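Starting off, we have a lone chain in the form predicted on its own, written out as structure tokens.
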């Protein structure tokens, strides 16, 4: 049995050097931000002028991430209950069912998706009024 040099095995480690000159596929996040995607499911937005406080969003939420709380500020005069949705982002799976069943289309999702906090209670989110 004759010994034959393994040329492929000797050269293969050096092929990894070619990746050092290629452009990366990732973004330098704090400096570069990715482009907004139409229809992306980010944080919730609730138009208090349209919200009637029906609670359909709370009923459809399979993770029980939505509860109805007393509204602060001006609300829709047709909101007989005086309640608006509050979302627990520790439980929310961003399925979008709550926005689908919203009759007056007051609850929707926007493109913002980044939120960082050490306080767990800050993830109980009152949707922005828009």
Partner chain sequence: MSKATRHTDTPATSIKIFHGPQHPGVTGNMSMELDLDGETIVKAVTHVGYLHRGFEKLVERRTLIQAFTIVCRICVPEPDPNEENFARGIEELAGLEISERAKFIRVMVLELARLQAHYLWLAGQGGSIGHEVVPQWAVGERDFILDLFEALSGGRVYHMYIYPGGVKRDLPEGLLERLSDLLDRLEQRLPEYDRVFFDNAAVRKRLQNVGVVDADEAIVNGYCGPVLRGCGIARDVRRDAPYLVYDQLEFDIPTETGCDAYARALVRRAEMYQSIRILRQVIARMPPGEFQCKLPRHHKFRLPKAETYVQTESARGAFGYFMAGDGTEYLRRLQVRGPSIVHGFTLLEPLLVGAQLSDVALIMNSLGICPPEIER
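Remember, predicted model here, so these are calculated numbers, not experimental data. Positions refer to the first chain, counted from 1. In this text, the rigid core denotes the largest set of C-alpha atoms whose superposition between the two forms falls within 1.5 Å.
Below, we refer to the form predicted together with the partner chain, which is not included among the displayed structures.
This chain appears without its partner; in the predicted complex, the one residue of 82, 90, 96, 104 with a heavy atom within 4.5 Å of the partner chain is 96. Within 4.5 Å of the partner chain in the predicted complex, a heavy atom is found for every one of 19, 40 and 61. In the predicted complex, none of the heavy atoms of residue 67 sits within 4.5 Å of a heavy atom of the partner chain. Using a 4.5 angstroms limit between non-hydrogen atoms, residue 116 is distant from the partner chain in the predicted complex. Looking at residue 10, you'd find a heavy atom of it within 4.5 angstroms of the partner chain in the predicted complex. The partner chain is not drawn, but in the predicted complex it has no heavy atom within 4.5 Å of residue 23. Residue 121 is not among the residues whose C-alpha shifts by 2 Å or more between this form and the one not shown once the rigid core is aligned; its shift stays under 2 Å.
After superposing the rigid core, the C-alpha of residue 27 moves by 2 Å or more between this form and the one not shown.
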